[in-house]
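In structure tokens, one chain follows: the form predicted on its own.
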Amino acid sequence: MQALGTLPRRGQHWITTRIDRQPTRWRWILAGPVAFILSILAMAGLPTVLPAGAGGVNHLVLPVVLFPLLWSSFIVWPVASTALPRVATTYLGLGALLLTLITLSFLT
């Protein structure tokens, strides 16, 4: 018989994923190399969506200036979150979106 605290509540599904089995390893992966790769992709993809500005260079300077802020936010979220599969899914979607922006900038 299971203890009362281990039973799933109504509406909750207890699916154990690979991320749930080794959370410390995945926190290191998501907060380390994945955060760095995402911040570089954001730095490369943001000039395609930012306006050019009066001097014509703001769309290039802003992502470079925002790089430390992006990198630190990509590091903090996996470390502080309790839902690591959600973080991994969001990072995967954000990476796909940024790669699409970069690809479209080369095609046009």
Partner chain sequence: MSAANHATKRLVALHGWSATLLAILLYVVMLTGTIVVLDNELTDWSAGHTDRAPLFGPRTDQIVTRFAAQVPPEMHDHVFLSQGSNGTLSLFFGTDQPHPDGGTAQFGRGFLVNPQTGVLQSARAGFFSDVVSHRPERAFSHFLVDLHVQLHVPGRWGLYMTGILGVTMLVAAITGVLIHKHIIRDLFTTERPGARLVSFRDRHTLAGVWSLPFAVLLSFTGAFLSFAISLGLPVVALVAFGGDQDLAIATVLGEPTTTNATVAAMADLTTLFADATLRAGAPIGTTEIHDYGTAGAVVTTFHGIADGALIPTTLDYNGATGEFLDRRQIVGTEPSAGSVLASLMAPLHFGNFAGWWSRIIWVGLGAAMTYTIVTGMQLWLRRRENEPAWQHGARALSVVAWGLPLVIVITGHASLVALLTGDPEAVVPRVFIAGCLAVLAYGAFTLKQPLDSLNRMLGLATGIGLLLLPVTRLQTGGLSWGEALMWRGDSVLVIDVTCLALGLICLLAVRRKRAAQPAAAPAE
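Being a predicted model, the structure only gives us computed values, none of them experimental. Positions refer to the first chain, counted from 1.
Only in words, not in the display: the form predicted in complex with its partner chain, which the text now covers.
- Its partner chain is not drawn, but in the predicted complex it has a heavy atom within 4.5 Å of residue 68.
- Put simply, residue 60 is close to its partner chain in the predicted complex: some heavy atom of it is within 4.5 Å.
- Within this chain, residue 44 lines the site of its partner chain in the predicted complex, having a heavy atom no more than 4.5 Å away.
- In the predicted complex, no heavy atom of residue 29 sits within 4.5 Å of its partner chain.
- Of all the residues from 85-108, those having a non-hydrogen atom no more than 4.5 Å from its partner chain in the predicted complex are 102, 105, 106.
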